[in-house]
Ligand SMILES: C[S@@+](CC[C@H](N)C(=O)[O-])C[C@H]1O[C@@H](n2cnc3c(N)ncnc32)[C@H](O)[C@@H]1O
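Form predicted alone, single chain, as C-alpha cells, below.
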C-alpha cells in the first residue's frame, strides 16, 4: 500500500458518493488564485461531515476555521431550510474569499461568517446565550485545540457531535518529545478527550487526497 492507492481509493469513493459541483471546484481553484493554502477537507471528508450532521439532526452548526469556505459549503448544504451555520475565520483575506465562494454557492442566507480570533468570539457567543449547537467542526490553528473544544462543549447540548480535524499529524503525535506546536496542540487535545467524562470520543485515522491524518469525533453526554 502507498499514497497512490490511497488517493485512487479516495477518488473512487468521492466519485460515487461525494461528487463536486462547480461551486466546490471553483472554491478549490480560488485558493490558488488568492494565495490561500490548500488545507481544505477532501470531498469525501466533506460528505462525512454531512453524514454526521444528518445523524444528529443538525439545524444549528458552528465551524472554527473557514479558510476559503469549502467545508462551509458542505456543512451548509446539509442544513434544513431553517438551519443556520456560524463560521469563524481569523484572517480577513481568507474571510473575504470564503464569503465570495459561499455567495456563489447560493448559501449566504444560511451562513453567518464572523471574522476574528475564535478565542475572542467564542466567549462572546456564550455571553449572548445562543441556543446550543447541534454539530461543531473544529479545523483551525492547532495549538489552542483544547481551548476550542472546551468552548465548544459549553455551546453544546447532550447529543451534540464535535469533530476535530488533523489530530494525527502524519503519525507525529506518537513523538512525546515533539517541538512542533501543532503536534503539541493536538496531543493535548487527544489526552483531554481520553479524560473528559462529559463526552464519548474516538479518533479515526484518515488517508487519501489529504495524505495521512485523523479526525477526532466526540458525542456530548452532558454539558459542562
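The shown structure was predicted, so the numbers you read here are calculated from the model rather than taken from an experiment. Residue numbers count along the first chain shown, from 1.
Not pictured, yet referred to below: the form predicted together with the named molecule.
Between the named molecule and the residues 132, 80, 116, 106, the one pair within 4.5 Å by heavy atoms in the predicted complex involves 116.
Checked against the named molecule in the predicted complex, the candidates 39, 59, 182, 188 yield a single residue with a heavy atom inside 4.5 Å, and that residue is 39.
In the predicted complex, no heavy atom of residue 152 sits within 4.5 Å of the named molecule. Contact annotation for residue 110: none of its heavy atoms lies within 4.5 Å of the named molecule in the predicted complex.
Using a 4.5 angstroms threshold between heavy atoms, residue 162 stays clear of the named molecule in the predicted complex.
Among residues of the shown chain, residue 136 is not one whose heavy atoms approach the named molecule to within 4.5 Å in the predicted complex.
Partner contact region in the predicted complex: 64 to 72, out of 51 to 59, 64 to 72, 190 to 198, 173 to 181, criterion any non-hydrogen atom within 4.5 Å of the named molecule. Residues 88, 89, 90, 91, 94 are the members of 87 to 112 with a non-hydrogen atom no more than 4.5 angstroms from the named molecule in the predicted complex.
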